[in-house]
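Next up: a single chain in structure tokens, the form predicted on its own.
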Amino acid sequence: MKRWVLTLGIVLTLLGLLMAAITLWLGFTWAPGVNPDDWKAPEAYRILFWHVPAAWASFQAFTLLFIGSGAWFLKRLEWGWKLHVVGAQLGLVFGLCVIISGPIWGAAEWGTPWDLTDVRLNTYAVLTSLSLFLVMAHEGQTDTEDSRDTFASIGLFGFVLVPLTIVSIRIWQNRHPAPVIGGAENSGLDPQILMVMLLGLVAFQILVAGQVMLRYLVGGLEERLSEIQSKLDKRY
């Protein structure tokens, strides 16, 4: 069973990376430009073809972190702890993609890479920092039930930032653009731009699925190696 999971994980990861690369290529070479009257840096918007899908991929990872944290904290399910670890790792990976790409666009469009008065920017930064803390804590702390409970509780309570981050630009409109899909009046995207954006969204979701499978298997192998090492230490 693990063999087909490994194979599927590799296939999905490679497919996701390929589609993400195609998205980037189409974004820079095929997608039309935007109205220069509405943007200070109309060509810089093309980085959003990766920025936005990476953000949604990170929300998917934070959701996995929440589910895994709940499964461990409430039911002591081993798969829940593994999902907690995977969710934290992927939340950090895709969160950093967003944190890096966003300020590049912000510097061009806003004239500043960050605005401390923008709610969405700050709540998302806290989310990514939470993932970083969990990843570092997993590596630095002894794996015990007490430590797992502590980290799982952080994953549970930290998840409240996800819906707050998503709805923040509808409540507190500041620097960050309003939603262009399902947003305010006159919101929307050029069909070609929308197609590339949707391709990116699908690509990153596939990439998340593949990475979950691979990292889940890696976590299992690490546990087995730890058990073997523990037995060898007791024997010798």
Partner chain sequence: MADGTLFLAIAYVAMIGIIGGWTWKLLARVGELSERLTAAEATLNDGAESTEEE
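Numbering follows the first chain given and starts at 1. All values reported here derive from a predicted model rather than from experimental measurement.
From this point on, the text means the form predicted together with its partner chain, which you will not see here.
Engineer: Quick check for you: of 73-81, 148-156, 106-114, 123-131, which stretch puts a non-hydrogen atom within 4.5 Å of its partner chain in the predicted bound form?
Structural biologist: It is 106-114 that comes within 4.5 Å of the partner.
Engineer: Give a yes or no for Ala41: in the predicted bound form, does one of its heavy atoms lie within 4.5 Å of a heavy atom belonging to its partner chain?
Structural biologist: It does: once its partner chain is placed as it appears in the predicted bound form, Ala41 has a heavy atom within 4.5 Å of it.
Engineer: So in the predicted bound form, does Trp172 come within 4.5 Å of its partner chain, heavy atom to heavy atom?
Structural biologist: Because no heavy atom of Trp172 falls inside 4.5 Å of its partner chain in the predicted bound form, the answer is no.
Engineer: Does any part of Trp30 reach within 4.5 Å of its partner chain in the predicted bound form? Heavy atoms only, please.
Structural biologist: Close contact is absent here: in the predicted bound form, Trp30 is far from its partner chain, nothing within 4.5 Å, heavy atoms only.
Engineer: Would you check, heavy atoms only and a 4.5 Å threshold, whether Leu207 touches its partner chain in the predicted bound form?
Structural biologist: Leu207: contacts its partner chain in the predicted bound form.
Engineer: Counting only non-hydrogen atoms and a 4.5 Å cut-off, give the residues of 215-235 close to its partner chain in the predicted bound form.
Structural biologist: Those in contact are Arg215, Leu217, Val218, Leu221, Glu222, Arg224, Leu225, Ile228, Gln229, Lys231, Leu232, Arg235.
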